[in-house]
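Coming up is one lone chain in structure tokens, specifically the form predicted on its own.
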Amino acid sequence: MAYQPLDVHSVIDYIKNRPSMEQIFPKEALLSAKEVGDGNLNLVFIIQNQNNPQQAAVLKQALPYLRVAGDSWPLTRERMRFETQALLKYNELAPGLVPLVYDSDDEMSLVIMEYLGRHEIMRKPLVARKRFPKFVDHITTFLVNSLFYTSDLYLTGLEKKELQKQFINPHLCKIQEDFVYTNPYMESPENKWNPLLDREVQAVRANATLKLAIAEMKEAYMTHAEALIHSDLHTGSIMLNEEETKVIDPEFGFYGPMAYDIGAILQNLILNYLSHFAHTHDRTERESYQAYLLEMVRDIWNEFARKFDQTWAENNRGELVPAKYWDFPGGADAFAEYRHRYLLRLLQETTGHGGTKFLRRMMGIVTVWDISSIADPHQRAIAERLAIRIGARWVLERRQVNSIDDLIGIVREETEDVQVY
């Protein structure tokens, strides 16, 4: 079938003509569809059997342009192939933590996958101060399995390069390179920000020391091909409930720096922390939930580091530092020290990438709902100014971060005397 964008009518006909979908929908099923794509790139449809709503699937189709910018910004549809490949790989490495893939169609640039009707996009329940007791365990397992098992720490050189060549994703990498690391810090037509932040935005653009540091982080993003990274792993790309966590939307996936994915998660949780200065008016409730978010940040890093170190110690089959390399008196201690240094470097790079993402959300093309949903621009500016200050410090002070508490300490210092309306 030649490529054409689907709509709520044609998508039903398409599903009915896919033999693979008979595993989900009986031939006699009365199907309905609704388009729910509120993202920046794609069409997303939920298809359900009206007589049995539990029989459902999600179809995601790439448009030939950047949806958030309109059809004046052409974009390759190949991104859906990368998403499908990544979902299949993640299902192999971290089963249960991503949606199941039912079918895909390269010509139509689409993938059909599990419907997560019992899950929520993580952003909104965080604003509503919900708690997810299993999230730390789930997301750290996903991070460790997806990063370690696609890296030189586990794969042979040939294995890694064979996998890496499947994820040469230049067009979506270009979006991140421009929109995260370059355009927000100079004049660019797609940039937007709260007008109350004009002074702060111009100060960032004129800060030579900060811009040098951001350039270093961009270099790392472009050249550190450490592992298969999701590359868009924020709280809008996670669906969950109290029992389950599912990572979605990996179309940006490519071989990049591990720290980028970790930094994205931690930074989004801090943005949510900042949003509660406006969203949660009761001080006791606000401080309680903010403490919960900071503890989650601490636990995510500490649990990630623990699991990563253990997984590496038990599965050191890669060619970076093979087991035989440490086969000498004192070698076990030397290997443990190497792992310690590796994780410290990873934490510092996590801080740098996360800091850059704070800044780009405040002055680039796309903000986050946690912040943009604050209706009063003066209240919103409180959170936005804090995000800029924290982001700048994370980038500039990243090499002084020796533990997750150092990173959290910057957040505490910048939010110590916040005056809320």
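Heads up: residue numbers just count along the shown sequence, starting at 1. These numbers were taken from a predicted model, which means no experiment stands behind them.
Missing here is the form predicted in complex with a further copy of the same chain; even so, the following discussion is about that form.
- For residue 165, a non-hydrogen atom is located within 4.5 Å of a further copy of the same chain in the predicted complex, even though that partner is not displayed.
- Contact between residue 177 and a further copy of the same chain in the predicted complex is found at the 4.5 Å heavy atom cutoff.
- Taking the partner from elsewhere, residue 326 is found to have a heavy atom lying within 4.5 Å of a further copy of the same chain in the predicted complex.
- Although the partner is absent from this view, residue 284 stays clear of a further copy of the same chain in the predicted complex, with no non-hydrogen atom inside 4.5 angstroms.
- Of the candidate stretches 291 to 299, 132 to 140, 108 to 116, 213 to 221, only 213 to 221 has residues with heavy atoms within 4.5 Å of a further copy of the same chain in the predicted complex.
- Within 4.5 Å of a further copy of the same chain in the predicted complex, a heavy atom is found for none of 358, 397 and 406.
- Only one of the listed residues (100, 313, 344, 206) places a non-hydrogen atom within 4.5 angstroms of a further copy of the same chain in the predicted complex, and that residue is 206.
- Though a further copy of the same chain is absent from this view, in the predicted complex it lies within 4.5 Å of a heavy atom of just one residue from 304, 90, 252, 181, which is 181.
- Residues 319, 320, 321, 322, 324, 325, 326, 328, 334, 337, 338 of 308 to 339 are found to place at least one heavy atom within 4.5 Å of a further copy of the same chain in the predicted complex.
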